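What follows is one chain in structure tokens, specifically the form predicted alone.
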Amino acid sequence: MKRLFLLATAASAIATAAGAAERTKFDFWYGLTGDLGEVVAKHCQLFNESQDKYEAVCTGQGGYDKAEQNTIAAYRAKQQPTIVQIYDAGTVNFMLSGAIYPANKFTEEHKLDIDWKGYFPGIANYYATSGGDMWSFPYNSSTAVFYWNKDAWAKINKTSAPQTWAELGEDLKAMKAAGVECGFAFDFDTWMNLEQFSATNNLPVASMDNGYGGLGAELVFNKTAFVDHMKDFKIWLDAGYAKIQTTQVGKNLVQSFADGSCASTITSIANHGTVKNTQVAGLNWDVAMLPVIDTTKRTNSLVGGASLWLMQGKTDKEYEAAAAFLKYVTAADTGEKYIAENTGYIPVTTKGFDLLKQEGFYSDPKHTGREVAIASLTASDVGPLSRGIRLGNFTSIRAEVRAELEAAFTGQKDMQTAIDAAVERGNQILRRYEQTYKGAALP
């Protein structure tokens, strides 16, 4: 009897091992790094543990830029992953790559029930085609918000964050007189300084509805209120109201706010958790929507973060496994809730947002204020200039703008000259991109 029991146990173990070995594997590459990268890796682990048919083999690529570059190179070598996480700036590159399996088509062909209309418009519109079809799955989403130190504002007898940029300028001057050494920290980032400013004030970054109208778009932000906005930043810097805070000068925006050395900054809502986890004891702070030029004309802010793209050229089994994974990581409970609870990112659907509200997520002191990001993304109906920015090689354009802003803020150029130079070189990038895809039309 004992021998029979041992034989049965051994047979069961062999069967279990065989079952495990028969799992269908597929590759998922992601761009997030550090703590956020660990959250993605854990998400993969949770999916793998939730069932025994499929296995997500998840590999970090060391950054968003590298994830995009490595995937395109791998596709050319026919070694592409099944799913890849691509950041917002890479959207148009992937749409025109000819290498992707559109999400809306995938869900239809693999019986994946996704309520596309349930996504917040400010998020969905960024990743959708001109016809409104979703070609990728929003995964980790954010927007920019204003972080402010309540105690610093109390020194000038104010209990609310500034709603306009003019008001912020007045507050910074008053706080300086009240002994606040650094009222505002900023850097050369274009997502916050140019893109979010333009969206919330309904200003164009480029012609043809910020590029959504076609590859012939040209940059125009050197002719908008953005120039005066940056001139104001330079005035604040020179007057000692504000400081440039980058890792090159010792600390970044989040660090300078969390340690109390600067009274305000603008950064992603995704950094909300980082501030909570690293703040000095007693820091009394909150977040608010970005200041605007005119509060009566506020428009929605832009989504940041990344979405999940399916690649062409994989097997039916791999796509079957990918469908199960996407169902898991996009669900309100196993997807959006998990991302929100473990990062500063926000839910991407109304269902996910409602679930978090019902469970008291935003009532928890650790998370209070994160709902401001949703309010910002839904501050208006999405319009042609607040839908997003669809420009080829936008990462390279951002680099040109950053370089010129740094030159202006460090006194090497006057602001108009610097921004004109950024536009000129950015338009050269656009023309080369247009030539590369000559005859192609944006979907």
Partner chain sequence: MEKRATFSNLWLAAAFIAPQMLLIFVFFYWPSGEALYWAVTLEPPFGGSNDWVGLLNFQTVFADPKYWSSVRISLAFAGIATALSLVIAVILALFVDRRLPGHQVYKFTFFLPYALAAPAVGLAFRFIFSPDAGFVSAINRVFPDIWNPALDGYDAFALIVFAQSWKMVGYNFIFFLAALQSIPRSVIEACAMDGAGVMRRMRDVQLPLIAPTLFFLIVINITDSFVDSFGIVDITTGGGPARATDLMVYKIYADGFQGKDYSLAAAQSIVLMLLVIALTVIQFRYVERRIHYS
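Positions refer to the first chain, counted from 1. Computed from a predicted model, the values in this text were never measured in an experiment.
Omitted here: the form predicted together with the partner chain. The next part is about that form.
A.B. asks: In the predicted bound form, which of the listed residues (313, 214, 250, 118) lies with a heavy atom within 4.5 Å of the partner chain?
C.D. replies: The residue from 313, 214, 250, 118 that makes the contact is 250.
A.B. asks: Out of 134, 244, 220, 288, which one falls within 4.5 Å of the partner chain in the predicted bound form, going by heavy atoms?
C.D. replies: None of the others qualify; the residue that does is 244.
A.B. asks: Give a yes or no for residue 403: in the predicted bound form, does one of its heavy atoms lie within 4.5 Å of a heavy atom belonging to the partner chain?
C.D. replies: Flag for residue 403 set to yes.
A.B. asks: How about residue 44: is it within 4.5 Å of the partner chain in the predicted bound form, going by heavy atoms?
C.D. replies: Result no; residue 44 lies far from the partner chain in the predicted bound form.
A.B. asks: Taking the partner chain as it sits in the predicted bound form, is residue 283 near enough to touch it, meaning that at least one heavy atom pair lies within 4.5 angstroms?
C.D. replies: Residue-level check for residue 283: no, no contact with the partner chain.
A.B. asks: Does the partner chain come within 4.5 Å of any heavy atom of residue 97 in the predicted bound form?
C.D. replies: The answer is yes: residue 97 has a heavy atom within 4.5 Å of the partner chain.
A.B. asks: Does each of 69, 395 and 407 have at least one heavy atom within 4.5 Å of the partner chain in the predicted bound form?
C.D. replies: Yes: each residue has a heavy atom within 4.5 Å of the partner.
A.B. asks: Among 155-163, 72-80, 223-231, 194-202, mark the stretch whose residues have heavy atoms within 4.5 Å of the partner chain in the predicted bound form.
C.D. replies: Looking at the other structure, the answer is 72-80.
A.B. asks: Determine the residues of 423-442 with a heavy atom within 4.5 Å of the partner chain in the predicted bound form and present them in sequence order; the list may be empty.
C.D. replies: Result: 425, 432, 435, 436, 437, 438.
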